[in-house]
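As C-alpha cells, one chain now follows by itself in the form predicted alone.
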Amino acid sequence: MSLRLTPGARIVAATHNPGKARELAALLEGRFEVVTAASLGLSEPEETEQTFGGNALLKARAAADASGLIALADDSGLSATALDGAPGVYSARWAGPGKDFAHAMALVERRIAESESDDRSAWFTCALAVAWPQGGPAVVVEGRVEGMLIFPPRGGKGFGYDPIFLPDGLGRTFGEMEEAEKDALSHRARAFAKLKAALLD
C-alpha cells in the first residue's frame, strides 16, 4: 500500500474541535475533500496514551476504522517549564468537560503562582497522525514552537491556550494573530511541514 496521499481524496479530520478542524483544513490547502469526525457522527475515543504521538495515532486509527476513510488526527497541548511540562497531554482535560479554556488558562496561572517559579517559558507541541483503515499503515510526525506565557490573556482569536502564549521573537500572542499568520509558524504548521514532506511532495 502506498504511503502517499492522492490529491482530491476524501479524508476524515479526526476532531470534534471546530478550531482544529479549520486549521487542519487550511493546512491541507484545498488538496483534499475534508470531512470531520463530528460531521460523520463518529465518537471521540478516550485518550489513554501518555504522549502526543500516541494519542494522535489512537484517534486517527479509530476514525479510519469507523469511517473506512484515510484519517488525519491531531493531538496537541501546552507545556509550561515551571509546571514540569504540564498540562501537556492533559491540556484539554484541564479545560473540563465543557472545554472551558478560560478556566484552564486561569488554572495554569494559579499553578505557576503556587510553584513560586519565575520561569515563564513554555512550548506548544503538535503531533499529527495519518492512518489508513482496516489496520493499514500509519505515519506520525511532531512539531513544536517555543515561547513565553503571559497573563492576563490577550486576544480573542485562535482557540485553547492561544491568548496566553507569546511565541519567541514576536510581540503578539497566538490569540492576537489572524489565522494565516498563526498557521505560518504554529506547532501544527511545523508538524504539517514534516507530514507534507513524507506524504504529499
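So that there is no doubt, residue numbering starts at 1 and follows the sequence shown. The structure presented is a predicted model; accordingly, all values stated were derived computationally and were not measured.
What comes next is about the form predicted together with a small molecule, which is not displayed.
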{"query": "Option from 61-69, 28-36, 133-141, 154-162 whose residues, in the predicted complex, bring a heavy atom within 4.5 Å of the small molecule", "finding": "154-162"}
{"query": "Contact at Gly77, Ser91 and Phe124 by the small molecule in the predicted complex, all three, heavy atom at most 4.5 Å", "finding": "yes"}
{"query": "4.5 Å heavy atom contact, Glu44 and the small molecule in the predicted complex", "finding": "yes"}
{"query": "Residue contact check: His16 to the small molecule in the predicted complex, 4.5 Å heavy atom", "finding": "yes"}
{"query": "is_contact(Arg190, the small molecule) in the predicted complex, heavy atom dist at most 4.5 Å", "finding": "no"}
{"query": "Touches the small molecule in the predicted complex: Arg22 (any heavy atom, 4.5 Å)", "finding": "no"}
